[in-house]
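Just the one chain here, the form predicted alone, laid out as structure tokens.
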């Protein structure tokens, strides 16, 4: 366990304020249950997502850097983001500011125009929700706090591609050993859900792309990519795909429905955020962690497993 992460700045990002509200809700509820404190960034802005990055990557660097500066000004040296896209963009901004003079100049100029001080690399560490819970609590302590074990629930852990790529912006990963996650075979979500009693199935596509970036421009490609993820999870014996990215989660849900409607391919596996599963294991109700807000209706399965 690490006291460093017991109170951190919280950057929810746009998705968790919108369509992924159940991820936001369950993350906060799990934090409370575990005695962890999240302090939301004041007047935060969009991290730049994919849209701004595609138009001007250095503008995206500034937008993410502004959030890091807010955390610094609030007295925090750690900011936690549950969204893979936000996590990725904040980490990339940190890397770019540390290694690219042009990025530093752009951030400096835009900060001057905004009448703010520019963020200097190395002041704030960005962590994911997986790092936050695993490092602040630890799997042994989490196991002790389980009130309603996930025993008997077969789970495929799906991390998506932005949690691990590009690998050079995640220097803390791939250090080896149980305390470092891996960009090749990530395991932090597996570790947490195993501690909560779940049966993790061997899932070879845990970092495969869900096609989220192509949903609007090429829906059929996205649907086929998602269908591959869903059918593989079922072939591996999974009843649930655990997610830790709002874009991936919503894409899996929407394209599961579209695959049946457009391609006549029906799958039964359910999607749940890992924080929803942890929350129920810790004794929170399905409603408290926002299961009713998910498009993927897992309530019958959860009741069958004694988790409803």
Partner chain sequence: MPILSKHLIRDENLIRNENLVIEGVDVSGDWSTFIKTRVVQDYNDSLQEDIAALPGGENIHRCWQCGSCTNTCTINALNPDFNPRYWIYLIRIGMEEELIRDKEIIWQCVSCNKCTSVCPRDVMPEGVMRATAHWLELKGYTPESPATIFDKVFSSQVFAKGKIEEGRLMMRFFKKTGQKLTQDWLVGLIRGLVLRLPIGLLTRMGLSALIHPRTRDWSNHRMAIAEYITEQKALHRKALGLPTTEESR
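Please read these numbers as outputs of a predicted model, since none were measured by experiment. Positions refer to the first chain, counted from 1.
What comes next is about the form predicted in complex with its partner chain, which does not appear here.
Chemist: So, 53, 58 and 167: all three within 4.5 Å of its partner chain in the model of the complex by heavy atoms, or not?
Modeler: The answer is yes: all three residues contact the partner (heavy atom, 4.5 Å cut-off).
Chemist: Report the stretch among 185 to 193, 201 to 209, 140 to 148, 123 to 131 that approaches its partner chain in the model of the complex to within 4.5 Å, counting heavy atoms only.
Modeler: Contact criterion met by 201 to 209 only.
Chemist: Would residue 267 sit within 4.5 Å of its partner chain in the model of the complex, counting heavy atoms only?
Modeler: Contact with its partner chain, no.
Chemist: With a cut-off of 4.5 Å between heavy atoms, is residue 49 one of the residues that contacts its partner chain in the model of the complex?
Modeler: Yes.
Chemist: Given that its partner chain is not shown alongside this chain, does residue 227 nevertheless sit within 4.5 Å of it in the model of the complex, heavy atom to heavy atom?
Modeler: Judged by the heavy-atom cut-off of 4.5 Å, residue 227 is well away from its partner chain in the model of the complex.
Chemist: Using a 4.5 angstroms cut-off on non-hydrogen atoms, would residue 250 count as touching its partner chain in the model of the complex?
Modeler: Yes, residue 250 lies within 4.5 Å of its partner chain in the model of the complex.
Chemist: Scan 228 to 260 and note down the residues that get a heavy atom within 4.5 Å of its partner chain in the model of the complex; none is a fine answer too.
Modeler: Going through 228 to 260 in order - heavy atoms within 4.5 Å of its partner chain in the model of the complex - the hits are 250, 253, 254, 257, 258.
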